[in-house]
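A single chain, nothing else alongside it, follows as structure tokens in the form predicted on its own.
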């Protein structure tokens, strides 16, 4: 495909107008002001449109679209124990597949080309990813309240199995991460063994961390150290690590992130909706921490729209710090693109540059919310919404265009989700 006469966001986050971008064999092959001699097939009219790198959803639980609207207006502990866990006990690979397909469709329509997922029923999730054409880093989260050999833990063994079967398959679209659910859902011996196993393997560790004040303080009371220090001492940060939420981290924790190059996945809407608090991204940025943006699940967020998260990520620090001049739109855009791909270990994604993967989106600039255009980045972060996304491409393949999905039958998926959710609800004991 050749994008012609289109505005682009270049590798230095500058806007260039009337550009040509040629895509072939899954990669960006040409970027220039002149029309290339090579025939790239379909020519896409880019007038009054913007070509951007695709967005990364750095923390979500894709099958949990099945729980959208099911567990509402509860704090995290009751949300999990009273509603979520009983529902999840009735899930299986087939049900996870349909939930994931629904999530992927929602993400594609709002410009997400790659997502970092933490869940179980990995074969079901992988089936959805393979069929849809999206990219994912998937981690099978470990929960263990037993002081046991980690190799006897079924959840850990599933993570090893998924690594052997899927890691770096589909031409690299699929990567398998290693995952602990959290400090409070695992015994110290499991955490220690997890750190020993993952050290030096090159896989990414994906973990919830200091999401609530009660979680953070309870860890200090139990172990005399914060969750971040606990993971650091276990060697978990000796591998690339993504820590989700980080609402209650302390200055000393941030220093550990900087020392080890860990990434924070900022999930503003979920943290607000569950009453958990707000991550201080300004302080993290000041110290040089890599920050990405996640939606968390549709069960806690209700939506998987990364553009809504970008808006919140831009305005929350201003209100927290009483300063309108901090955390700029370009900072937030980097979180959702370059920083996210970096955290996923995808060095060949996230910018519009020759030789990089063609993970691209087109935004319509000819809409009321995009005029006037004093600064397109201001418009993207503060004014745009998912309706502005009119094309989503992954590895050079168009997966979504003008409201139509090329690889997901949304009507069928919606029907199956509605059917199976009714089944699950009837199966949950004590369901009201």
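Positions refer to the first chain, counted from 1. Note that the coordinates shown come from a computational prediction; the quantities given were computed from them, not determined experimentally.
Omitted here: the form predicted in complex with a further copy of the same chain. The next part is about that form.
In the predicted complex, a further copy of the same chain stays beyond 4.5 Å of every heavy atom belonging to residue 220.
Heavy atoms of residue 40 never reach within 4.5 Å of a further copy of the same chain in the predicted complex, leaving it off the interface. Contact annotation: residue 44 falls outside 4.5 Å of a further copy of the same chain in the predicted complex, judged by heavy atom distances.
The closest heavy atom approach of residue 272 to a further copy of the same chain in the predicted complex falls within 4.5 Å. In terms of contact with a further copy of the same chain in the predicted complex, the residue from 288, 319, 188, 261 that brings a heavy atom within 4.5 Å is 319. Stretch 102-110 is the contacting one of 342-350, 165-173, 238-246, 102-110, since its residues have non-hydrogen atoms within 4.5 Å of a further copy of the same chain in the predicted complex. For the partner-free chain shown, 65, 66, 67, 68, 69, 70, 72, 73, 74, 75 of 54-81 come within 4.5 angstroms of a further copy of the same chain in the predicted complex, judged by any non-hydrogen atom.
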